[in-house]
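Take a look at this single chain, the form predicted on its own, given in C-alpha cells.
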Amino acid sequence: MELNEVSLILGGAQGSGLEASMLILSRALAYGGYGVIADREYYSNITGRHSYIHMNVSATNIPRSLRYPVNLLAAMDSESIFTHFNDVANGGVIIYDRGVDGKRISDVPSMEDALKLRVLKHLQDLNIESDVASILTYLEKERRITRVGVDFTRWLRMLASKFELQPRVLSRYVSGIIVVTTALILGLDLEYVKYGFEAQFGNRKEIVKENLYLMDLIKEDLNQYGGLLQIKKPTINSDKVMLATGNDFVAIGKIVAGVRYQSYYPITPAADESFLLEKFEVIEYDGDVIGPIIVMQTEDEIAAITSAMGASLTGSRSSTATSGPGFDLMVEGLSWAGMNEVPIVITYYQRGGPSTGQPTRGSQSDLFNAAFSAHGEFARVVLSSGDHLEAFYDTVNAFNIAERYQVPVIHLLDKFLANSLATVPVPDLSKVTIDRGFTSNGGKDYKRFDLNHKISPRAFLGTLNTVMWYSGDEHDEYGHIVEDPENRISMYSKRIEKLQIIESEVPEEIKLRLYGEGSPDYLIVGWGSVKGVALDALDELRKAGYRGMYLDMKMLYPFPKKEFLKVISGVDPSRVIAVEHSYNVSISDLISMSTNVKIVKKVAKFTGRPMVLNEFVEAIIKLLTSKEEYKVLRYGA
C-alpha cells in the first residue's frame, strides 16, 4: 500500500549525528518534491543524552504539524527504543542495530530516572521484559510492527577497511546508515539521497564517496525491505520551495529588510539566526555588493541591546536576538529605547522558564514579559509569527513599524518555530516594501523630539550641522534634561499616544488572521507556532462534524481590540477556546484585560514539547462536548 503521508522519529544520543541525519534526509525528500516538517528535540548538553528528530513527510501538501503515532522509528541506540517504542503505529516499522538486542533498560545510564520508572511500569503492565529483544518481539506479535535489524558494526568495519578509516571516526557514519535505511523503506529514489549527501557535505567529496559506498552496501543487504512503507510520488503544486529553519527565515528576512547591524550574545535557541547572518555579512548580487552587515557577538545581553540602539541612532537598521534570560537583562535598555524613541527590533525566541528552565525546549510563556516588562510607560509593539513564511514577512514588517513609529518592536517567536526545519514556498519579494518612516535632514535648529509632531522627523547622528542630545532622563524637544511638570505631560503623552496611531494605521492582516469556515460552531484563539497544528485540527474536526475557525493573533501589543471584537461577535462565548504553550494560557488574560471578553475554555501545554495533532484534536472535542474547561497536553518524550 502506498501512503500519502509518513511520520517518523530518528532517535539517538546527542552528538551522534542526528542533526546531520535530519538535514540529509530532509534535503533528499525536498529534492524529490515532498513536503517536510521536522522538529529537533534535544537535551541541553553537548553529547550523550537522548535526542530525536520528529518528522512528517507528505506527498500531497506541505505539512503544518507533527503527529503521533509514527509510522517509522529509526533507532541509533537502545535508549531510543525504550523511549519511543510505544509511539510507533500498528503496522509500522522499527529500524535498529541488532547489537543492542540484549540491552536492558537498567543498562542505559543516560536515561532519566523518572522516564525509566514510567517505561518500566508500562512494560510491567504489558507483561514484557525490560530488554530490547522482548519489546521488539511483543511489538511484532501484538502490533504487527516490522523490525528491521541491521548490523551497524559490520557495515562500519567494511567502510573502515575500504577507505582505511580510523575506528574513532566511524561513529559519525551512523547518521548515513540511518538516512539510507529510512529512505530505502520509504521507497525513495536513492538519487535523492545522493543529492542529500552532496548538499550536506559540499566540497568534502571523500565523505560523500564514503557515504555512497555505505548506501550501496545497505541497498544490497536490505533490498527486501525496499518500499515497505512506500510513500506515493509527490503531487505538491509548488515550483520552488526552500528548506530552512525558523531561525534561517528570520535571518533572511533581516537581510531583505536591509539590516546593517545585528548584535547577540549566544543563547539557545536564538544564536543560530546570528550564525547564519555571520556567514552572509557581505553579499554579492548581480555583481553588486549588498551590505556589509555587521554581526557583533557582545560580552553580554546588555551590551547587545545598547550597541544595537547606538547603531540605530546613526540611521542603520539594527536588531538584536535573544531568549528569555537574555531579554530579562535587556530590559533597562528597552526602557531607554522607549524614552528616546529609538527604532530597534528585538527578536525574542521563547524557551521553557522560569530562570534557566528548559534551555532547549519550547514555550509561549513569555507573552507578558514581552508586552509589559521595563519600568515606566512607553509605546512598543509586539509581533508574533505562526510559521516559517510568516516569520520572514513579519521580520520585514517589524523593521518598518519600528522606523515608521520610532518605537522598539519585539518579534516574538519560540523554540518550536526556531529549530524546526520545513519546506516552505519561496517568499514573494514583490510583497515586500521598505518604510523608513519620517526622516529629517536636521539643521541648526533641529529638535529631535519636536512636539509639533506625534512622530518627530528623525535625523541621524552625524548629520551635517546637526546637534542632538540623548539621555535616560526626561527631556525637552532638543533632548536636554528637564523636570518641568508641564513638559513631562507633553513628552510622556507624545510617546504613549503613538499607540493610538499604530492601532489605527497598521493593516489588519498584520494584526490578526482568521482561518476556517464562516458561521463556525467553535473558535480557537491562539498565536505563534500553535497555528500549524490548529489549522490541521480544523480539517480533522471537520471530518468529525465540527465546523470551526482559528483566529491567529499576530500583533499582541497594542492589542487589536476593534478587530478582535468584530471577529468574536458572532461566536457563542462558551465555544471559544484559547490555546498556548503555557500553564496560564496568557493570551486569554491579555484578551480579557484588553476587551473585557473572558475566554473560559483553554488548552495548555508546558512540557516543552510541541503540540501534536492527535492530542490537540482530542482536547478540542473534549472541551466542546463536556463541562471541562481546561485541558493539559502531555504527549512527547
Partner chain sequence: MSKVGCLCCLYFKPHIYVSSAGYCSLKGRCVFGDGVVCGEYRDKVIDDLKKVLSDVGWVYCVTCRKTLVDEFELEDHFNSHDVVADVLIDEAVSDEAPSAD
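Owing to the predicted nature of the structure, the values given are computational and were not obtained by experimental measurement. Positions refer to the first chain, counted from 1.
There is also a form predicted together with the partner chain; it is not shown, and the following applies to it.
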**Fill in**
With a 4.5 Å heavy atom cut-off to the partner chain in the predicted complex, the contacting stretch among 487 to 495, 152 to 160, 118 to 126, 138 to 146 is 152 to 160
**Request:** Would you confirm whether the three residues Ser385, Pro507 and Thr607 all fall within 4.5 Å of the partner chain in the predicted complex, going by non-hydrogen atoms?
**Result:** no
**Item:** The unique member of Gly545, Gly287, Pro109, Gly518 whose heavy atoms fall within 4.5 Å of the partner chain in the predicted complex
**Value:** Pro109
**Selected contact from Arg172, Arg513, Lys454, Lys219, since only one has a non-hydrogen atom within 4.5 angstroms of the partner chain in the predicted complex** = Arg172
**Asked** Can any non-hydrogen atom of Thr268 be found within 4.5 angstroms of the partner chain in the predicted complex?
**Response** yes
**Request:** Give a yes/no on whether Gly338 approaches the partner chain to within 4.5 Å in the predicted complex, heavy atoms considered.
**Result:** no
**Asked** Does any heavy atom of Lys233 come within 4.5 Å of a heavy atom of the partner chain in the predicted complex?
**Response** no
**Asked** Quick one: does Arg351 come within 4.5 Å of the partner chain in the predicted complex, counting heavy atoms only?
**Response** yes
**Message:** Within 4.5 Å of the partner chain in the predicted complex, counting any non-hydrogen atom, which residues from 9 to 41 show up?
**Reply:** Ala13, Gln14, Gly15, Ser16, Gly17, Leu18, Glu19, Ala20
